[in-house]
Every structure is written in structure tokens, then in C-alpha cells.
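Below you will find one chain, with nothing else, as C-alpha cells; this is the form predicted alone, and questions on how it binds or moves follow later.
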């Protein structure tokens, strides 16, 4: 077992790769009375064109199949209800799907051996039939309609559709009614057999556990199962242009006040001589200083009655491009957009602002070390995005400097943006 020490935050990550390729990461915290466990596959809603395990040609599966598969994993052939199983042991269970991964989880202080064995067993026991697949379609379409009735979800989906051209992030994770209705059990098995192999998955356990005991339990569980031979997964890649798909889009929703958004599509790969994680940090700091809760533009727009509340700032990391979404509820669309565009013409900040944000990020990292949930998410995120655990986040933040920031700003291209307005 290997040990990785996360610098300056007093955490050790223990790791082991089992004989079937499953990666196991354990972060013990004896002072907490809880355990948080996640079982994640490197399979998200963007992965819709790939060569299935055991085949030679690319297939294209329906949009939303990753989320559909997540739902179906909870249905077991013997009728066991996963939520009841965990609930009877005083634990919570859940699952979630995003563009790049699918995660199954439980949290609870007791019955760890029962819980971890059941988590591994139900995720590694697919049971798809024509009947249960058809039954699930109606459930998911009802969920889809609920999202479509939510103004924020509707606006967010419209922004992604207007921004991306080829990147599959443009499509809703849940899919469309047409795509969901087209899903078959064969589609599900193609996805499962390709992406749910142990070598494409990671098990992360944080909390009051003993690493040696965890590895013993997990290894025994996996040794009792047979898996197909590990195969490199071939996923079709797409080139994403820097331009946006649609310059301006107007959608309707049941709202009282219009929501106006401007989304900047930024290609960080064009910025040279700065490591990618530092680029992400610099970009986040810039948008926080310029448009965050304490920014001057926020204060000015409230004083001028352009906004009743502040600017909503969010970001989307979509591999080749980063989106920064600036949104406000306003009847003064032109004034709002003009103020944002004017601010974007000068992204320079003073050195003291950089140093202040560095301290805020470091404080957040220290706070993270007290939360077994946030620690777990950090480990998953590092593994899925980088293939290993980043142990020097603290040093990276400390190394941010004003000269490099100015070099970053000079290379930054913010000319590509889309405007999406949601009105009555």
C-alpha cells in the first residue's frame, strides 16, 4: 500500500491497485464518527461514441444513457432495495451522474463491512431486462419534465447548447425524451461491460476506518468475482472550435423577472508556459475579483438599480474550454451587458487582491480537510481529471505570483461569448 501525504493540510491518502485493476484510495480520520464511501466509474454523459468491450467498431449510444444506467443499477435481480439495505443500517445512499463520471455512494458510522460489500456487489451486478428498461423510461421522462419546468435548469441547458458546437457537454445529462425512449437493454449492457470494468473505476473511502482493514475487506470481495479481461477504452474525440454556436438566444419560462446571461468561452490551451492547474486558479481568481460578491461592479449595479441582487458567477470545465457564466435578474438587459463587457476590457487587478484571494483559497483547503465528504470529492476529482492524486495543491496556490498573473492576462482571449436571455 502506498501513502501520499497532502502537504500542509495534515492528511494521508493510502492507495492500492487490486489485481483486477480497481483503484482504492483511503483517507482515515479517526476523530470523526462517520464514513463516506464512493464507487466511481470514469463514464459520463459525454461518452456516447466508443468501441464496446469485445467489439471492433464505434457505436453511438443514445443521449442520457449514462444517467439511465445509474438508475438501473439500483434494481437487483433478487428484488433487494439498495436504499432500504443502507437505511436499515443507519446509513444514507445515493448516486449521481455528470459529464465525465458516475458515482455511487453511502455514508454512515456503522456496519462498514456490510455496507462496503453491498456497494461493490450491487454496482457489479447489472440486471437489465426489456421490461424493467421500459418501466424506467416513464420515470426518467417525468424527472426530465420536472427539470424543464425549473427556470434555472432550463437557462443552464440553453447556455450550454448556445456555447458548444461539438463538445457533448452541450446536451442535457438526462438526455431528451426521444433519446430516452430509444434506449434498449443491449445499449445498457454495451455501456456497462465497457465502462464498469474495475480497471475503469475508483473506490474512495474517507472517515473513521483503518486502511489495512479496508483493503482486506475489499480485496476479499473482488477476489470472489470474475471479470472480463481489461481492455483499453477507445472513446471518439471531437475538436471544439473557440467560437460559440449561437451569439444570442432568447428562451421563455414562467418567471417574474428576466434572467440575462453572458457566457465567456475560453481556451486555456492557447496560454503557454503556465501549468494547467495554475491557469484554472488564475482564471477563477480574476472572475471572483471582477464579478464576485465583493466586487465593485456588483455594488455599482445594485446602486444603479440594474440588479436587485448580485451577479451569479459559475463555471464549467469542459476539457478544451472553460466557460464562465455571468447571470443576473434584470429588466435592464442592455445596461447589464454593457457593464459586464466594459469590465471585461480590463482584467488587470492589483497585487493585494491576488494575495487576498490566495489566502481565501488556502483557508478553503484547510476547511476541506475537516470534511470527509469534501476530501472524498477532491480525491475522485483528482483521479478522474488527472489520473493521480494532487498532493501539492497548497504549494501551487502559494506559488501564484503577480508577474505570472499578468502574463496570463496578456495571453487570455475573451472574445468568444454567447448571450442567453430567459423571459416570460
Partner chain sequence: MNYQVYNMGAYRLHCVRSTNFKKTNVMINFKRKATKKELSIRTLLPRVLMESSKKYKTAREMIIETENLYNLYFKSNCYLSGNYNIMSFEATFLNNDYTEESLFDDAIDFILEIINNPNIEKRVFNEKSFNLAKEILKEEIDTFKDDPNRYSYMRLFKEIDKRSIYASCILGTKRELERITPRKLYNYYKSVIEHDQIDIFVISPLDKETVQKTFAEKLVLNDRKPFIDSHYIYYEDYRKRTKIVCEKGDYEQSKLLVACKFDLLTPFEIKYVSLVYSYILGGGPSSKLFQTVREKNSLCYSISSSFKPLNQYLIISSGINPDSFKKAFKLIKKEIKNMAKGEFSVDKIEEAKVTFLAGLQEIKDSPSSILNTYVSHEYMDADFIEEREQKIQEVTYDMVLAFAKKVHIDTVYILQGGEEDAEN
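Numbering follows the first chain given and starts at 1. Predicted model only: the values in this text are computed from it and were never measured.
Beyond what is shown, the protein has a form predicted together with its partner chain; the following relates to that form.
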| item | value |
| --- | --- |
| Exercise: residue 295 in contact with its partner chain in the predicted complex, heavy atom 4.5 Å | yes |
| 4.5 Å heavy atom contact, residue 239 to its partner chain in the predicted complex | no |
| Distance check, residue 353 to its partner chain in the predicted complex, heavy atom within 4.5 Å | yes |
| Close approach of residue 149 to its partner chain in the predicted complex, 4.5 Å, heavy atom | yes |
| Of 130, 178, 88, 186, the one that lies within 4.5 Å of its partner chain in the predicted complex (heavy atoms) | 88 |
| Residue (of 346, 213, 243, 299) lying close to its partner chain in the predicted complex, criterion heavy atoms within 4.5 Å | 299 |
| Segment assignment from 118-126, 225-233, 250-258, 163-171: heavy atom within 4.5 Å of its partner chain in the predicted complex | 250-258 |
| Sequence-ordered residues of 359-380 touching its partner chain in the predicted complex, heavy atom within 4.5 Å | 359, 360, 363, 364, 366, 367, 369, 370 |
